[in-house]
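Only one chain is included here, represented as structure tokens and corresponding to the form predicted on its own.
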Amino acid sequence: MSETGRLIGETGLVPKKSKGQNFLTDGATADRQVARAGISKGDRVLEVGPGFGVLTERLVRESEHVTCIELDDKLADYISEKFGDAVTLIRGDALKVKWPEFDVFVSNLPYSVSTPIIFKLLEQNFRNAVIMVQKEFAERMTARPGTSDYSRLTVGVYYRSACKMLETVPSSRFNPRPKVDSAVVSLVSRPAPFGVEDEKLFFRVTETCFTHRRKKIGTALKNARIIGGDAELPYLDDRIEVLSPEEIAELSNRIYGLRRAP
């Protein structure tokens, strides 16, 4: 029996599919995740969903400032008892609680909340992150324009960071075993590689067009009343999936310019 299997038995915790609870059983994978994060003793480290602490026990060896956010009461109790003062524990929903300031983010994200957690992460100031997600989700994070995986998530990630898929993790390394493989990705924060006149408008244009990705961009933007029916802009006859993030920014900036025109 794996360490994770033993802990599931001892705590009486029944992993909840609704919370995406699939616990990593492979210590070597956790070792690589933490090593790739490049943590120094003085770094402030944040982990969301520590579970039974397979990552946490490695994080506290590297940093004296580790914070964990855990929603499940039994798991929070376990983390508190196991790590004591070595970890600052925040009990609550990571999507609702305020995150502390941090330098490095290391987490095995529950499948059910990966998208909103990533978008919340991208709103924070951080140096780098090493994250485990579903492999299909990782492919969306790193997709190329013109592919079926290219999405609003891809554009948001690219705008805020340099993203790279590091390795695939087979489903056999989790308990309970999920139906799909996972992947480890890195995010290194950096300035946007292109200029945006109005960030809010840029993200609204992106979201609107990807929500209606089968429609022409002009149709989607007119239906959402982002542009008028007589607007003369580039790319209106294209579909959003063929535009690079830079071209989406160009379109957004042109819309901004129209709104500012007398």
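As the structure is a computational prediction, the values presented were derived from the model and not from experiment. The first residue of the sequence shown is number 1, and the count goes up from there.
Same protein, other form: the form predicted in complex with a small molecule, not shown, and the subject of what follows.
Here the chain stands alone, but in the predicted complex its contact with the small molecule, taken as any heavy atom within 4.5 Å, falls in 40 to 48 among 213 to 221, 194 to 202, 40 to 48, 231 to 239. Residue-level contacts in the predicted complex: of 75, 153, 121, 187, one residue has a heavy atom within 4.5 Å of the small molecule, and it is 75. Though the small molecule is absent from this view, in the predicted complex it lies within 4.5 Å of a heavy atom of just one residue from 71, 183, 157, 143, which is 71. Though the partner is left out of this view, residue 243 does not reach within 4.5 Å of the small molecule in the predicted complex, counting heavy atoms only.
Contact annotation for residue 24: at least one heavy atom lies within 4.5 Å of the small molecule in the predicted complex. Although the partner is absent from this view, residue 92 contacts the small molecule in the predicted complex, with a non-hydrogen atom inside 4.5 angstroms. The shortest heavy atom separation between residue 54 and the small molecule in the predicted complex is within 4.5 Å.
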